[in-house]
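Given next, in structure tokens, is a single chain: the form predicted alone.
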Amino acid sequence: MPTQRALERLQCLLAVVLWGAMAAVVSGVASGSDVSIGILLRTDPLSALMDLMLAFVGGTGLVYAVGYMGEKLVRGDLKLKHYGRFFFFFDFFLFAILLTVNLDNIALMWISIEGSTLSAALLVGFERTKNALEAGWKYIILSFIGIALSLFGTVLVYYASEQVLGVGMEALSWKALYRVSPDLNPAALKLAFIFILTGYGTKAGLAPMHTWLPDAHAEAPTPVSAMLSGLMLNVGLYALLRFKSITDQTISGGFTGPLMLGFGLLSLIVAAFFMLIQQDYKRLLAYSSIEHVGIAMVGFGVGGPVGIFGGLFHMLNHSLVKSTAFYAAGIVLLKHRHKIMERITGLLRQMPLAGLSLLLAAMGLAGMPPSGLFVSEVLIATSSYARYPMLTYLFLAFLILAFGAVIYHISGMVLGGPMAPDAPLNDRTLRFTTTALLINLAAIFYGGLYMPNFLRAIFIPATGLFGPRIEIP
């Protein structure tokens, strides 16, 4: 089909453009200076870190989606016009996220985030089954409550800013806000951060505002599930971190830390319990995402150079590992056409690459070395123990519970003998999905064993936005 081939080539071209642009921007920031276009677009080290996640996971996501949705097209589960519509929404979603993390304007960032919310809602309900439509509506309703709260918080920040900078665009600029943050109204910033934490925390999937997440991740097409976990949750955290860095300079005494620590621990506890009782492997991965967002929040809540570095490093590695897990789970779903874990065994024998990828991703999600998640969890636990020893025991206890749940469920799927005959996959499907999986696996092991110089050059100044800089050994 010529139109399908043209769309495939376009998506692969977009992936290459994304990787090329990421390399240019990240190398520019790593050389020591922000990259700017006009007055609205500016990339500093924190933005460059998000660009790195977006380009890498978004690029492999485009390649994977070509194979996954192409298989549905070949099987007749999808019409060609819907195939094109899917990639229109998918590309718009990636564009909105890319814009969000590079805008030097708090109001436009809010608009851009809501653009990603709208496109994500359409993608969640894309398959138009009863469950998918319910998940899409649930996501829209809860997201719009979060939108309203974060908008109110943003208006309060502008109110505090315009008293110092005057009415105008400069009062909305992150760069200007950093410059005048010690002079902002502390009461307004306190109230603003509470609204922003609740609003953007909904976007990030923090408990107790997380209830949209398991349904959306389970019912969305699998490439979308991978992007929701690997990218969109991180965008919610990114918005929180921006406002945290401003608020911390305005209010002394650690106002934001305990709030973030509390939401982080609650998310970890809720996710660990629900992971134990899951029967659907996509819902298991969704609750695992809530767990890992909670772990990163614990790092940010504890604070200090090591805690902040651990949280940022956790975001990067979780993005890679979770997208890999969803890519492998999507191949399993195409083969078996259901998501019930107890009806799937022996993946290592039946589908060696998908089974091995799922096993390695599960080990990474459980925090086993050499995954980078092991490094970040050790850093967060170490930093936490120095300030909150008793809370660290609680943190470690629920980490172990989540570890047991992931390993128990996934090992049941990948070990043993195959239980059911599988449906053959098209060669083109295998070519695209295998490429995406292998690129992600290579990055996971490379990042877990070694931190290249360009990453150090981004992580150190990004951590410095929240306090004293550190040296990475």
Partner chain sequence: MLLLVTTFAIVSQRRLSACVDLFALQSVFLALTAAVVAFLTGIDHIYVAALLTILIKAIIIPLILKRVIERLNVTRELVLNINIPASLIISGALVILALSVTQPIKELGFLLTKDSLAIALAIILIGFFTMISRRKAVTQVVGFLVVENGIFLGATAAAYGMPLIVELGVFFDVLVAGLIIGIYTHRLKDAFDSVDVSKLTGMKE
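Small disclaimer: the values here were computed from a predicted structure and weren't measured. Numbering follows the first chain given and starts at 1.
Omitted from view is the form predicted in complex with the partner chain, to which the following refers.
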Heavy atoms within 4.5 Å of the partner chain in the predicted bound form: does Lys138 have any?
yes
Indicate whether Gln278 is a 4.5 Å heavy atom neighbour of the partner chain in the predicted bound form.
yes
Find out whether any non-hydrogen atom of Tyr158 is located within 4.5 angstroms of the partner chain in the predicted bound form, and reply yes or no.
yes
Spell out, yes or no, whether the shortest heavy atom distance between Gly125 and the partner chain in the predicted bound form is within 4.5 Å.
yes
Pick the stretch from 145-153, 309-317, 94-102, 385-393 whose residues have a heavy atom within 4.5 Å of the partner chain in the predicted bound form.
145-153
In the predicted bound form, does each of Trp110, Leu118 and Glu162 have a heavy atom within 4.5 Å of the partner chain?
yes
Among Phe398, Tyr238, Phe274, Phe193, which has at least one heavy atom within 4.5 Å of the partner chain in the predicted bound form?
Phe274
Along 302-333, which positions have a non-hydrogen atom within 4.5 Å of the partner chain in the predicted bound form?
none
